[in-house]
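Alright, two takes on the same chain below, each alone as structure tokens: structure 1 and structure 2.
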Structure 1
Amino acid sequence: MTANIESGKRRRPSPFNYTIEAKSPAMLTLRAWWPPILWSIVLLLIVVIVMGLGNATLHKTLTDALIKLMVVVGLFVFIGNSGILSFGHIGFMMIGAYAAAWQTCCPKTKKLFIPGLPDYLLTHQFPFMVSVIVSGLLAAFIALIAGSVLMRLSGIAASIGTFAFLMVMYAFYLRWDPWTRGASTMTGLPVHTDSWVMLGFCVVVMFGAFVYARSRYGLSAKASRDDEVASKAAGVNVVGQRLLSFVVSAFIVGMAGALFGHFLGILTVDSFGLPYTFITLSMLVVGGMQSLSGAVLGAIVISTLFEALRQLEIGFNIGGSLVALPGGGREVGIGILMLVILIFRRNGLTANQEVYWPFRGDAMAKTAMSRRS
């Protein structure tokens, strides 16, 4: 068997062609958990380097990027496993963000801005971590209700259903003055979220997403993604599995929303609209939507490009004269780069696969997989 695969392979020569045999239990564990471990290390390195530079603006950018990364991982849990493109998840982010504001703002601010809250919420103030978890749970609960309706749809109709859900939530929060301050800005959230907090959450969420994707539930959802009819025939409760992944991903995205609120300290309904939806979706698609590695890599690449182009927009010196991109140039650049990536890597940068290089068994499995498809 081994010889067969070895002889039959026509792998491109790559710098990573050497492999490590996983034999000891420790190595086997490492191998099993490799993608989230690898990405945790990468994120840790990025955070350490940026914090080491000590640039406050860069630190803020990094925290913002890590929040987006968490949203993208949340999106991956649903989109990657169920195969349904969702436009609605930023709605859950908004639910989480406002739920956090209801809990952690000081009572004085709450009476001033959002007097519609029930007395218990108005007079009490909750700790940061509690509010993040509770906000995620609220988003998950809304997802359970909305999802039990929306997940009955499939394919493009389901995508549009989630889109309509986003529009419903957006329009509702925009008018719900006594709870959200409507179109005005809600201020006074305590600022707790920095890069270290986000790093912690991102690592936990990546492991969580990985465990879910490998569990029987994740595998059932994937089966329904690849062939709905066949998976039904094999006994997969398609609606139920989709609903589960919808709820799990809404929980993650809701927590990200709460962290987002505690990062900026201010909230507007307007920041949870189509632009944020599209940015996070593009990150997922550019990375490769069916793998955790794709979600993480896409978020890192797009965020880095954004920051690099921002530096260009500020301008730099060439021979004594300041060269800068005109306003809007950064976005034009990022759009064109995204198109180029999409055109040349249709299945995303990771081609929908996890990152598995150093282990012999996985290298073989990968060859076998690529031969099959």
Structure 2
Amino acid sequence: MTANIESGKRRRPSPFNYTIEAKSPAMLTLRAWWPPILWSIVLLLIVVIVMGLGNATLHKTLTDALIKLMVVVGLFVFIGNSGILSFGHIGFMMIGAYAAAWQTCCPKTKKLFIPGLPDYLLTHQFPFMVSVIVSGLLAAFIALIAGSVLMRLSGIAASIGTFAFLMVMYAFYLRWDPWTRGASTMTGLPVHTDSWVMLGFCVVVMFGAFVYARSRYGLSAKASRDDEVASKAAGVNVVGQRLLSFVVSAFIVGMAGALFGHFLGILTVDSFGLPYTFITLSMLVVGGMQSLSGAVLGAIVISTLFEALRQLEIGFNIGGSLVALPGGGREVGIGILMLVILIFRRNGLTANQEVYWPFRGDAMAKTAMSRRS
């Protein structure tokens, strides 16, 4: 173990982003992929424990939490790499959810509730996996169109633009009765999504987000995030890189929307409004916006706290008396946690760093150094 020395003083190693030497190619490879491997193991253990308890309500809660986690990872792909805070990604989730309904509802249900669909969609029913992928692609296509305009903006202007996008999509789907039933509830979606399905999707998405963040495209987006002027001077296509991260992020969130629809079996436009936007953004902020570990840890922490506060709102008996939190306790609890995080740890629980424990050393940096030498 090598000591970090700065200004003649020995520095205590951080619990995140350790610096060690890998002694074999296998160790180096494991070190490089450790964050998504670690969180995949953590999620697997959580799913196994919850499934072992045999509580149906807890199982549904876990599935819903994993859907939110997938959305948060999608947000990390864009917000964490571009530095632009997006309020509009739940619009892509809505696009994916309704696209899945158009594909997988039985023809009789579609003719009854959404007769405005084209004849091909109206008379055909597609497999679950196909619908999830196609729904993500549709969300990515809409992101490509909207992002070609929005990504020319920067800072708060871009964030407001994404919020406007959410409002436009919300109003459009709310009034698109022949395709979405408008303000009414759409029923008849086959239920396929459970904790095991979501575990598989979350693992794939985490590895994909990790690869993107360390690819030349992700690094270019990070360069524009850290210094837009310098990155342009270095030849980075800032608009193009932001647009790419926006499209990739929308694809992930669109798939999460399709899985959300196949989890509930019903859809309503009101499910994809500001409350869902704020809860997923709070997960990313609490964990740390600029790392995959922050996105996953934030989702786990907020989901656990949210469920604990929900149970407290239901209440429990003490000496024959029901003791419970007043209504709205969950929102108050989440707000207090965010305030504490922003005051005492502005960069989130992970300080925007990947969790490389129990190994030390940045394998990517070591690889780059070996290539230079």
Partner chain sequence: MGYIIQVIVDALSLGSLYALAALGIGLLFGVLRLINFAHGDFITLGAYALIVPAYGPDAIRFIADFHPVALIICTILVVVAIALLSELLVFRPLRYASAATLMVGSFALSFVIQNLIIMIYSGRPKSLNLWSDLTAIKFDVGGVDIALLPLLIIGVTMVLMVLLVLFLKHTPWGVQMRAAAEDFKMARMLGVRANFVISLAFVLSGALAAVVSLLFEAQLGILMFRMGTPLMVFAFIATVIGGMGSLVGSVVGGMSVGIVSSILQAGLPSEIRGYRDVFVFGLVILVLLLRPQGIVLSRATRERV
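Definition used throughout: the rigid core is the maximal C-alpha set that superposes within 1.5 Å between two forms. For clarity, every value in this text was computed on a predicted model and none was experimentally measured. By convention here, residues take numbers in order along the sequence of structure 1, the first being 1.
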So which is the form predicted in complex with the partner chain here, 1 or 2?
-> 1
Superpose on the rigid core, then tell me if the C-alpha of Leu58 is displaced by 2 angstroms or more between the two structures.
-> no
For Ile334, decide whether the Cα shift between the two structures is 2 Å or greater, given a superposition on the rigid core.
-> yes
